[in-house]
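The chain below stands alone and is given in structure tokens; this is the form predicted alone.
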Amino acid sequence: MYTMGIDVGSASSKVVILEDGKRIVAAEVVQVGTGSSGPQRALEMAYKTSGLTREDMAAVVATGYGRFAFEDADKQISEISCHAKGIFYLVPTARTIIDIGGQDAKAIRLDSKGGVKQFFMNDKCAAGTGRFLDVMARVLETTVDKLAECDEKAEEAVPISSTCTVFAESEVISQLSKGVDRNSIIKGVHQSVASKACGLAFRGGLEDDVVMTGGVARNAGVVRAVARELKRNVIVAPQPQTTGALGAALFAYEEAKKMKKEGLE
């Protein structure tokens, strides 16, 4: 039995196809978000990778900001529930999730069965998100992919005091004009992102294991900054961008089993 989860996010679309609720047969990411061709392109890539079609899917669940715009799903489920489901499947010891995506950040507390106990979310401001890092990378004349490497070379972090992306951009430009070490500025940018995300986690109370997910979790500099801020080890989820889609595919598997049972009764 094949099921599919699609996560239509603000900055990218992700698709995961599962076989019998266990084996991942496709996991695709397209860096184009809601209201674009991103979802369709991600679907096409997943079908090509797996050799399957929509007709092979026993159930499809959509999540993310654009989940209600995706009309070919059997069900829509919130990204909070899907991230929790996906992370608990990958890391059963997870009790705290820090998810930093393209335009929001979340902290989710899990119980011993993977249920959501509590969550806090920042979706009102781009500061502390992937979008913030995109802006900073442009100002610092580098790419997001190179930020972690620059961070590792820095001896210290230059504090970024502004909590707004626009003001932080001006602050970084001012520091550069003063000849401040670029790598140290980047380390400070990462610390700023970590501080905001960890603030959400502290509000809900921390409990090990802590797992990071979302596209920003691929940035080792931010992961190191989060670990410093929390003063504890941080696990990076396997394929951190697709955990929401994985959770959606797992929910789809449960939905397919339910539909099958109802059909037999």
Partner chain sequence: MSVTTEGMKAKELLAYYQAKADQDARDAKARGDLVCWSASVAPPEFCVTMGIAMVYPETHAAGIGAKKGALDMLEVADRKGYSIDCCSYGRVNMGYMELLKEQAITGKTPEVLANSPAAKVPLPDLVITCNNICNTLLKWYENLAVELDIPCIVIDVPFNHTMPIPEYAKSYIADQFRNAISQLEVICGRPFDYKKFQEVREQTQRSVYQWNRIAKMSHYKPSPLNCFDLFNYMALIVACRSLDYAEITFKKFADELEENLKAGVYAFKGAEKTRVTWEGIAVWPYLGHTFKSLKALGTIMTGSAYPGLWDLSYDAHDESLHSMAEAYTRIYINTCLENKVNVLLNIVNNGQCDGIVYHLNRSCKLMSFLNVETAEIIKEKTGLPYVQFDGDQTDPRNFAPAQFDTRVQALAEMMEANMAE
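Residue numbers count along the first chain shown, from 1. Given the structure is predicted, the values throughout are model-derived calculations rather than measurements.
The protein also exists as the form predicted in complex with its partner chain; that form is not presented, and the subsequent description refers to it.
A.B. asks: Consider the chain as shown here, without its partner, and state which of Ser81, Asn183, Thr96, Gln191 has a heavy atom within 4.5 Å of its partner chain in the predicted bound form.
C.D. replies: By the 4.5 Å heavy-atom cutoff, the listed residue in contact is Ser81.
A.B. asks: What is the one choice in Gln103, Ser195, Thr142, Ser170 with a heavy atom within 4.5 Å of its partner chain in the predicted bound form?
C.D. replies: The option sitting close enough to the partner is Gln103.
A.B. asks: If we define contact as a non-hydrogen atom of the residue within 4.5 angstroms of the partner, is Thr165 a contact of its partner chain in the predicted bound form?
C.D. replies: Thr165: no contact with its partner chain in the predicted bound form.
A.B. asks: Considering only heavy atoms, tell me if Arg232 and its partner chain come within 4.5 Å of each other in the predicted bound form.
C.D. replies: Contact with its partner chain, no.
A.B. asks: Give a yes or no for Tyr89: in the predicted bound form, does one of its heavy atoms lie within 4.5 Å of a heavy atom belonging to its partner chain?
C.D. replies: Result no; Tyr89 lies far from its partner chain in the predicted bound form.
A.B. asks: With a 4.5 Å heavy atom cut-off, would you call Lys117 a contact of its partner chain in the predicted bound form?
C.D. replies: Contact check for Lys117: yes, within 4.5 Å of its partner chain in the predicted bound form.
A.B. asks: Quick one: Ile77, Asn122 and Arg203 and its partner chain in the predicted bound form, is every residue within 4.5 Å by at least one heavy atom?
C.D. replies: Yes, the whole trio is in contact, each within 4.5 Å by some heavy atom.
A.B. asks: Given that the partner is absent here, state which listed stretch (59-67, 40-48, 22-30, 206-214) has heavy atoms within 4.5 Å of its partner chain in the predicted bound form.
C.D. replies: Of the options given, it is 59-67.
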